[in-house]
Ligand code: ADP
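Read the single chain below, which is given as structure tokens and is the form predicted on its own.
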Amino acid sequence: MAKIMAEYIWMDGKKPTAKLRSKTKIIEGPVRELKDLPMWGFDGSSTKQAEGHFSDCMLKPVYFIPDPVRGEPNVLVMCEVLNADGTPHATNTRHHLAKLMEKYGAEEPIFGFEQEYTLYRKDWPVGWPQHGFPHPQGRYYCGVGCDEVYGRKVVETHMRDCIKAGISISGINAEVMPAQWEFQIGPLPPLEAADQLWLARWILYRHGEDFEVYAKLDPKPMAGDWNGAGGHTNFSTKAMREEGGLEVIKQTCEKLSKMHNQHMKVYGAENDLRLTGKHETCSYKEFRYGVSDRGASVRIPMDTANKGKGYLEDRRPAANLDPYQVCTALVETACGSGFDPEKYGWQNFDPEK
């Protein structure tokens, strides 16, 4: 049997925003299903997930795709972090979503993520004057030409490799601020959508090494009259997609209004710097929804309103969202009695402080 490279990828314990870690395991191939991928240990004291005197943590493979960087038959492996005794680690946000789907799977929730990010080189956005600022924003969104967009080579490489890996990337575009871009993942069931978003981020970071740039997910990467970076989340349940779904969407928006502060606690650290009421945002201090309103907390797309069914777009999540947390919050609020982040020990941002 041939030796293959399996890149084990996981979320660390950095607060308030987890970062990706990965390491390579050489195994006997090919990998056809999860049981072909063994558990593997790592030093949790080096990732803020354990103390030095008892540092062993375990990586449990939960999802894999072909490795587009090294090529097939090598694989990228998304992992959950477990304690040494096999229980879920406190930083393991995925397992909560997995348990929630056992309860609400019949509702058939579907997600799509719009991941914005900003490309940097040497602590300054790519293409920006080294000792100054570019022209005011307005000319860069979906721009074409070297005077309008910066970093397209890494963006296109990332897109092609996501397609090669079987990730459901559905588009890319240059964003409003120069050096800022977006890619979209989905629509997919929640676990798969969140797994693919994390893996797509890993591929983006990995190609950044080759191009000597890095992608920042900061909600407000540049102060001043520049757009922030969001993680707009498109969401629907089976009932929303069927006849009469628009009324279900409106009912869900009313539920979301009552859980606004709870959701904001897991929608990204420093999100208040982005959600100011300007630059196509609603203030983090309020909640409102509307049809085709990009200044609302939740937008009901025009096509959904016209058809009377479809999906909603939650515009509150920041670019640095943890998709497992956001999916959990939306499913619990839409399908259950509400979302309580403290139940899981989650609080990345408190809008009341």
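Remember, predicted model here, so these are calculated numbers, not experimental data. Residue indices: 1-based, along the sequence shown.
A second form of this protein, the form predicted together with adenosine-5'-diphosphate (ADP), is not displayed here; the remarks below concern that form.
**Report entry** adenosine-5'-diphosphate (ADP) in the predicted complex: contacting segment from 156-164, 209-217, 129-137, 113-121, heavy atom within 4.5 Å
**Finding:** After filtering at 4.5 Å, what remains is 113-121.
Query raised in the report: Heavy atom within 4.5 Å of adenosine-5'-diphosphate (ADP) in the predicted complex: which of 186, 230, 178, 151?
Result: Checking each option against adenosine-5'-diphosphate (ADP) in the predicted complex, the one that comes within 4.5 Å is 186.
Query raised in the report: Among the candidate residues 288, 294, 307, 48, which is the single one with a non-hydrogen atom no more than 4.5 Å from adenosine-5'-diphosphate (ADP) in the predicted complex?
Result: Going through each option in turn, the one that passes is 294.
**Report entry** Contact label in the predicted complex: residue 252 to adenosine-5'-diphosphate (ADP), heavy atom within 4.5 Å
**Finding:** Residue-level check for residue 252: no, no contact with adenosine-5'-diphosphate (ADP).
Report task. Evaluate residue 234 for contact with adenosine-5'-diphosphate (ADP) in the predicted complex, applying a 4.5 angstroms cut-off between non-hydrogen atoms, and reply yes or no. Result -> Yes, residue 234 lies within 4.5 Å of adenosine-5'-diphosphate (ADP) in the predicted complex.
Requested in this report: Please check if residue 182 has a heavy atom lying within 4.5 Å of any heavy atom of adenosine-5'-diphosphate (ADP) in the predicted complex.
Outcome: Yes.
Query - Contact label in the predicted complex: residue 241 to adenosine-5'-diphosphate (ADP), heavy atom within 4.5 Å - result: Heavy-atom contact with adenosine-5'-diphosphate (ADP) at 4.5 Å: present for residue 241.
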